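Here we start with a single chain on its own, the form predicted alone, put down as C-alpha cells.
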C-alpha cells in the first residue's frame, strides 16, 4: 500500500499539517486565507486553495459544506499523528510534572490507583480517561472471605499481598450454605495464600480434572468463584470525564451525544476494546475508522498498557473526538503508563 509520505511532496505535507493544526485549535472548517495569514509559506491564497483541493482529492481533507473550508479525514489525522513520532515533545512540561506528582502520591494506596488515574487522565486532557485494573497475574492472594447474603448471591472480600482489597458480588448455586462457603474459603486460604491468583485458578482446575470423585461440588464452586472474581469485568474498568467532554463543540448535537453516551455506558465494550490491545507494545493511537470495534469508529482512542516486568497487566487510555490534541494526549498517556509500570516494578 502506498503511504502518505510517498504520494505527498514536502509542500503538500506542510500545508496538510497546517490545516490539521488549525482545525485542532479551532473547531471550524479551515480556508486557504486562514493558512495564508497564519503561516509564512510564501504562497498565494489561490495556490494554497489548489493544494487543499488536491489533498481533498487524495482523501486527506474533506469539505463538509459547499463553499466552506476543509477539515481533516481520518487519513489526514493518521498522517499528522505519524509526523509526531520522533518529534521533540512540546507538551506543557509543568502539566506533566503536576500529573507525575499526583500519581506519585497514589503509591501509598494502590486501591485508589485505577479510579484516580482515570480522573487524572481526564483532567489533564479534557477528554474521557479510562483505566483497566491490573490483571490477576500480578495479584497474590493473602486472604479471601465469602459471605452469603441472598439465596444465590455471594459477597466476596479478597485481600492481596499487594495491598489491594477487592469486593465483588457473584452468583452461586442456591443450595450452597454459609458453612459450605466457609469450607471453600478455608481451603483456598490454606492451600493458596501467597500464590498468584492465575496459578490458583489453574491448580484448582487441574485438581478437579484429576479426580472428580474425590473433590465434591464445593471445589467446583471454588473454581466458579475464583473465575468470577478474577476475570476482567466491567467492575475493573474506571471511566471519568464524560461531563467535560459533552461541553466540547464536537458534541454539539444530540445525536453525537447519544452515540458517545451509548459507547461509554457500555463497560463491556470498553473491556473488549482494552483486551484487544492488551498485548500491544507502547502507546497506540486509533483514529475513528481505525478502531477495532464498530461502536468506536466515530471517536479516537489513545491507549497504552502498563506492565509488571515483561507482562502487560492493565491498560490506561483516553477517548475523545477525532479532532483531538494528539500531541498533548499521546504524551499524557505515554508518561502515565511508564510511571505505573515503574511503580509496579518497585513494589
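The model shown is predicted, which means the values in this text are computed figures rather than measured ones. Residue numbers count along the first chain shown, from 1.
Heads up, the form predicted in complex with the DNA isn't pictured, but that's what we're talking about next.
Chemist: Does the 4.5 Å heavy atom contact test between residue 40 and the DNA in the predicted bound form come out positive?
Modeler: No, residue 40 stays farther than 4.5 Å from the DNA in the predicted bound form.
Chemist: Is residue 47 one of the residues lying within 4.5 Å of the DNA in the predicted bound form, judged by heavy atom distances?
Modeler: Result yes; residue 47 sits at the interface with the DNA in the predicted bound form.
Chemist: Although the partner isn't part of this model, could you tell me whether residue 70 comes within 4.5 Å of the DNA in the predicted bound form, counting any heavy atom of the residue?
Modeler: Contact with the DNA, yes.
Chemist: Since only the chain is shown here, I'm wondering whether residue 31 would be in contact with the DNA in the predicted bound form (any heavy atom pair within 4.5 Å).
Modeler: Yes, residue 31 is a contact residue.
Chemist: Could you spot which one of 280, 63, 26, 289 gets a heavy atom to within 4.5 Å of the DNA in the predicted bound form?
Modeler: Contact residue from the list: 63.
Chemist: Counting any heavy atom within 4.5 Å as contact, can you tell me which stretch out of 47 to 55, 297 to 305, 280 to 288, 317 to 325 lines the DNA in the predicted bound form?
Modeler: Checking each option against the 4.5 Å cut-off leaves 47 to 55.
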